[in-house]
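Taking the form predicted on its own, here's one chain by itself in structure tokens.
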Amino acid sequence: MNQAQFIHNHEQQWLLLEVLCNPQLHPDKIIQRRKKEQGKRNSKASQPKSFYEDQILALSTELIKQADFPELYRAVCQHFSLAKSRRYSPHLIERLSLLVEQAHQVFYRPAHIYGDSALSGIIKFFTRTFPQTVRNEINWFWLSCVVFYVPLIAMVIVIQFRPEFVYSIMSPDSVSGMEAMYDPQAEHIGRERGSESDSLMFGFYIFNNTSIGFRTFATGLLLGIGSLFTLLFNGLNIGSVAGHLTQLGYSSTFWPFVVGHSALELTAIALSGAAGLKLGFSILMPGRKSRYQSLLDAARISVRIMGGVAMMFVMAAFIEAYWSSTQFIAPVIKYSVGAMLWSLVLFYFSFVGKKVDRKAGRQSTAGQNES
């Protein structure tokens, strides 16, 4: 590919990265500055902040809003490397070198220095980073779901025909405790006796749920075996409880209680398993990397997933404490809300941040074609 074709194919990415590095180069800012200069009599026109201001003005505002800084930065680094290896003109190489250096300084600078608030970073994480990361690691998520949900569903079915099978998983005391918690005659459904407030239970649920999730994640360091065992154990345990209470005739209290928070809680457990498996198999199968480097790279991704999982557990605990335990709400309403939450979770991980995914994919494909 000659230099002219190279510039034509990637000019837009370079311009977008330049705008992201310098907000003053946004087309709206350029137009405002030029209007001010034209409005001043006998004033000398100031030097442009970029030699490519005219080309930047052709960029649409929507395109700039959708631009993803890390992806552009990686793409331009690759373009710079290609330009040097192909011995393109010194002018082009210098342009890309300066752009890479500027982007590097912005990328590794503390966020508050160049204007991004902590709130905007959190919003970006949950509207882009978290769902994108889950989609990128979808194979680990599906494996985790199989190990977790298949035993869960199997136990629910088996116990309907063999009720005594519950005691192969749970102790008699645990079974009795569960029966007392979901007894239709119980004063408080789904909670231990003596609990005095929803706030107290909210704290208990956060501690209990997050401990399960982070234990599932951390045990992945045992070559993934720990995560697999924890997922299997929790699947069998939850399935035993659900199957036993259903077989006992407590469906009218158990299912309306769990349906509200189950979407967030069960999905979070499966995601914790996926993050743990990612860690474990990075040690077991490092590929061409050293085991240390493979683990380090996997940990960056896994910790990103667990950041979102932690929020899911908190949300699930809130629903469980303040909504699930409410007894005056009709079961049909709880089932409707539960179905809505399952749909929202599915929609979130399937579609949120999808446009950025497609854009990154096109850039990656273009880079591979260049190579």
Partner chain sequence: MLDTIKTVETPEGVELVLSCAGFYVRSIAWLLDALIQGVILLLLGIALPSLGKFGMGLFLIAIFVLNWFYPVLFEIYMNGQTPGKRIMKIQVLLMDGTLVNWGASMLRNLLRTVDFLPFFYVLGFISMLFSKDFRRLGDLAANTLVVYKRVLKNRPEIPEVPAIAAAINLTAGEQQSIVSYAERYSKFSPQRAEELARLATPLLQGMTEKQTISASERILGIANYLVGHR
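Heads up, when I say rigid core I mean the largest set of C-alphas that superpose within 1.5 Å between the two forms. Numbering follows the first chain given and starts at 1. This is a predicted model, so every value here is computed, not measured.
Here the subject shifts to the form predicted together with the partner chain, a form of this protein not shown in this document.
Of the heavy atoms in V146, none are within 4.5 Å of the partner chain in the predicted bound form. Using a 4.5 angstroms threshold between heavy atoms, E179 stays clear of the partner chain in the predicted bound form. Among heavy atoms of H104, some come within 4.5 Å of the partner chain in the predicted bound form. In the predicted bound form, the partner chain stays beyond 4.5 Å of every heavy atom belonging to F257. Interface residue among V345, A67, M306, I30 relative to the partner chain in the predicted bound form, by the heavy atom within 4.5 Å criterion: M306. Proximity to the partner chain in the predicted bound form, defined as a heavy atom within 4.5 Å, singles out one entry of I206, L236, L266, V158, which is I206. Taken together, the three residues N2, P90 and R95 all lie with some non-hydrogen atom within 4.5 angstroms of the partner chain in the predicted bound form.
Here the chain stands alone, but in the predicted bound form its contact with the partner chain, taken as any heavy atom within 4.5 Å, falls in 206 to 214 among 241 to 249, 167 to 175, 206 to 214, 146 to 154. The partner is not shown here, but in the predicted bound form the stretch 77 to 91 reaches within 4.5 angstroms of the partner chain through a heavy atom at C77, F80, S81, K84, S85, R86, R87, Y88, S89, P90, H91. After superposing the rigid core, the C-alpha of E71 moves by 2 Å or more between this form and the one not shown. In the core-superposed comparison between this form and the one not shown, the C-alpha atom of F281 has shifted by less than 2 angstroms. When two forms of a protein are overlaid on their rigid core, residues whose CA moves 2 Å or more are considered shifted, and F80 is one of them between this form and the one not shown.
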